[in-house]
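The chain that follows stands alone, in the form predicted alone, written as structure tokens.
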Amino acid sequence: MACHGLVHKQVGPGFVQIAERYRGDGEAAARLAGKIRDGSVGTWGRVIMPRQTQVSEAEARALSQWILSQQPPR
């Protein structure tokens, strides 16, 4: 939560922003799980997503599914 806000960008995008970008993409959960564990750069500009190697593959899959389930506030 230090890098991602629930709705809005902090250092990286908010979880709702991520969910909105990938809504309807059936491959998104697996790709996001990989980005959680392996890190990435360039998806959201010059922001670096550092590797989270302490997160297991199962935890990364659960996290990515939770992120993708986020809805904008009403």
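Predicted, not measured: the structure shown is a model, and the values here were computed from it. Sequential numbering from 1, following the sequence displayed.
Not on display, but discussed next: the form predicted together with a small molecule.
Novice: If we define contact as a non-hydrogen atom of the residue within 4.5 angstroms of the partner, is Cys3 a contact of the small molecule in the predicted bound form?
Specialist: Because a heavy atom of Cys3 falls inside 4.5 Å of the small molecule in the predicted bound form, the answer is yes.
Novice: With the partner left out of view, is Val11 within 4.5 angstroms of the small molecule in the predicted bound form by any non-hydrogen atom?
Specialist: Taking the distances in the predicted bound form, the answer for Val11 is yes, it comes within 4.5 Å of the small molecule.
Novice: Is the gap between Val16 and the small molecule in the predicted bound form 4.5 Å or less for some heavy atom pair?
Specialist: The answer is no: Val16 has no heavy atom within 4.5 Å of the small molecule.
Novice: Is Ala30 close to the small molecule in the predicted bound form, meaning a heavy atom pair under 4.5 Å apart or at it?
Specialist: Contact check for Ala30: no, nothing within 4.5 Å of the small molecule in the predicted bound form.
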